[in-house]
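A lone chain, given as structure tokens: the form predicted alone.
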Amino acid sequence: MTYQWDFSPILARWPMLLDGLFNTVKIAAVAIVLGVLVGLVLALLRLSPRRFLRLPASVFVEFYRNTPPIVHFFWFFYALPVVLNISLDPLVAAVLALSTQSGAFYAEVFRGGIRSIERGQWEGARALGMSHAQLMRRIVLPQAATRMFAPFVERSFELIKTTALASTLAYGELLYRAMMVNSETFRPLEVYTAVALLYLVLLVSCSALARVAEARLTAYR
């Protein structure tokens, strides 16, 4: 018997899926901004010549790089409230999980980009009397930004896809809304096909924007 595709029940609930897509974009945007801040701090700590600064940052990065993302979601939502005797709603817990996890990966992107600048340029800038801040602003970061851009975008795309794990906390992102639609329509093929297409449109759009931004960054250099 041939399966009869029917998207009409999904189209009737399209606003629910679009609301989930909006929540996915919202949580991803917040997590990327916070993740960049966390990543910058961690990268600078890992580049520090002082071991007491490098070691905690290295432990943080290695922990997040070697543990499953879903564990981070569960820990922030179920364990942290017990430890601190507070309550966290799913949005806050998901943002904390995503931003700390992505921060660990961004840190390696930033650190790798900064360390990729040839040692001769560092020494030449110091010979010209530049301070460390001037060296970073005028010499290192403009070049490192171009080299870091592609891995940064790739990591950000991974973060967007990881937002689907927020559904395990009952946060109303795209996948969670899709599960609600499926429970009402009993059309899993159509529902999850629509979800895949929405993720595809979102990430292809982000990819196009990233190419424009990369071209402008290269032209600016």
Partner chain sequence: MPEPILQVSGLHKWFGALHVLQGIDFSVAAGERVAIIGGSGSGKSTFLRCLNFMEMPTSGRIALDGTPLGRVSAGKPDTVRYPEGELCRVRERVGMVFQQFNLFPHMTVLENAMEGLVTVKRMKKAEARERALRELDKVGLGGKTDVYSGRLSGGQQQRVAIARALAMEPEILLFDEPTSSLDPELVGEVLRVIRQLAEEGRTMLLVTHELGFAYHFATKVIFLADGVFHEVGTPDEVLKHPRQERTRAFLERFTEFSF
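Residue numbers count along the first chain shown, from 1. Just so you know, these numbers come straight off a predicted model, no measurement behind them.
Just so it is clear, the following notes concern the form predicted together with its partner chain, a form of the same protein that is not shown.
Decide yes or no: are M130, R138 and Q143 jointly within 4.5 Å of its partner chain in the model of the complex, with each residue judged by its heavy atoms?
Affirmative, all three are within 4.5 Å.
Is E123 near its partner chain? Define near as a heavy atom within 4.5 Å, in the model of the complex.
E123: contacts its partner chain in the model of the complex.
With the partner left out here, check for me: in the model of the complex, does some heavy atom of Y220 sit within 4.5 Å of its partner chain?
Looking in the model of the complex, residue contacts with its partner chain include Y220, since a heavy atom lies within 4.5 Å.
Is the gap between S116 and its partner chain in the model of the complex 4.5 Å or less for some heavy atom pair?
Outside the cut-off, so no.
Which single stretch, out of 85-93, 130-138, 67-75, 108-116, brings residue heavy atoms within 4.5 Å of its partner chain in the model of the complex?
Residues of 130-138 come within 4.5 Å of the partner.
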